[in-house]
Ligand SMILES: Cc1cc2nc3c(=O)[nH]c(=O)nc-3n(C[C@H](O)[C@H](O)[C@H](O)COP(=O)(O)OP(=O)(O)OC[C@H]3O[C@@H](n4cnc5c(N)ncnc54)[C@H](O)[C@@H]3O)c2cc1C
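Form predicted alone, single chain, as structure tokens, below.
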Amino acid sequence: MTSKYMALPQGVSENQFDAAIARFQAVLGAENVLIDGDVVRPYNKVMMAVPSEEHTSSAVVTATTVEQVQEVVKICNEFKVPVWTISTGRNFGYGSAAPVQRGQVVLDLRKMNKILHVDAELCTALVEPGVTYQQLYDYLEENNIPLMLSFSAPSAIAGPLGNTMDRGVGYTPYGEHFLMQCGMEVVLANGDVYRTGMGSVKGDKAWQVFKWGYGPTLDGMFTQSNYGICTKMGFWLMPKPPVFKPFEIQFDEDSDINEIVEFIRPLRIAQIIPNSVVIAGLLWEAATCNTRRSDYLSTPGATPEHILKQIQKDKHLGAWNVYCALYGTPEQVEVNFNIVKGALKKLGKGRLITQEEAGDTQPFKYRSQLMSGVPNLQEFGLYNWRGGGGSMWFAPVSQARGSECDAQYGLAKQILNKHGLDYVGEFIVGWRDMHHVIDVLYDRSTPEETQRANACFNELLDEFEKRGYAVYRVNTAFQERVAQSYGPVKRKLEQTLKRALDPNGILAPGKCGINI
């Protein structure tokens, strides 16, 4: 017997699901309850090296108000239907919009797209889940509000709420996005609406300026979890500085990574360089400028070193390309730039490139836009390197030490090359940590290469864990595996919280490895 649905929730019969769908339609309107395969199928598209069928949704429902979200969770509880919530649904490389487990209903909140408040004096914003960075940027520009955004890349179609809930990072001095979050509104599994920080106090006006409130601070509990559905988020915005000075430093050899990090770290900790510095590898920058592997060779496997050197020469790139920016008054920027130049002179290597020298050339232009809060989509060029639609982000964290980064780079490249894939990665320098972001790119249309990519990702997780390196974020196909890396005590506590808050296990079961 063929079902009218692409999949059914686990343990739910078709008749039961029919009844749930009828209830969704009564609350949301039939036009906001999607079951037709042609409409639902785009939500199931994945870039991971696993069968799409493992992440097929049963239906998609869209909500426009908090009250509708409350009704959705009540219906899910009644019929024991699991729901996977997305905001703008563009989580490329980390699972896209598809649910973590087959049969979950996707709750799409992109129609909840109101910019609720922007305070130009206190530099805060309050937004709904469907607000994109491009939408917020346009609002600031149209209203001549001199505030600057921080976002991941590519940024225009992503949103601040979704990115912050997954603890994403950006490229400005406000690049640690969860640190800049201030006040959440969350619909709990029982339909209650909870506000973090000062938000629970009737008439309070400090919700977006004071994080902590009274008693336990619970904001972090709702990030990278399935304990609630965030329907509003406040966050801090950076005032536009009088002077913004982006610059790049190119280094010619892979082995320079150790010295680069030792050069950058003290400047970052002292806030001489205040933004999240990027140390981008050769192929990352070449690919974003639409360089294709097929431009240089047609044979399978990892790209040979002599070809990499040829690309480096042809595209006028470094083996490592370091992007930084200075912000402030002319006097501040001049002083700090002189300190940077002095430290670089002492290092004795690296080519310094300023905005005046680079002009509108890529990739300098899009990197400058990221560091100044101007959204763009340039980084989608990564997917053209091999083609075929396969992408999985591998994102281990390390100390900001040259020796650590050197070890991680060498290990990652060795494993990738072993499986016939290329190292396409960058380091993002926080204050004391390094987010090492690697895009495992492969041709998903080729079963053999997809199999190799899956084996490669598993080996990356295994070998990095053996050396004490864990990832901070991962695609939905590997979330259970990564949860195991963090040990049984953490998992037991998360399970205890899940059972208390969501006894029916309706909110995104399996997200980040958390189940009842």
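Each residue number is its position in the shown sequence, starting from 1. Fair warning: this is a prediction, and the values are worked out from it, not measured in the lab.
Not on display, but discussed next: the form predicted in complex with the ligand.
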One stretch from 306-314, 200-208, 258-266, 223-231 that, in the predicted bound form, holds residues within 4.5 Å of the ligand by heavy atom
223-231
The single option of 163, 172, 181, 398 touching the ligand in the predicted bound form, heavy atom within 4.5 Å:
163
With the partner omitted here, the residue among 88, 408, 276, 368 that in the predicted bound form has a heavy atom within 4.5 Å of the ligand is 88
Do residue 254 and the ligand come within 4.5 Å of each other in the predicted bound form, heavy atoms counted?
no
Should residue 84 be counted as a contact of the ligand in the predicted bound form, where contact means heavy atoms within 4.5 Å?
yes
Exercise: residue 434 in contact with the ligand in the predicted bound form, heavy atom 4.5 Å
no
Give a yes/no on whether residue 79 approaches the ligand to within 4.5 Å in the predicted bound form, heavy atoms considered.
no
In sequence order, the residues of 379-408 that place a heavy atom within 4.5 Å of the ligand in the predicted bound form are 379, 380, 382, 383, 393
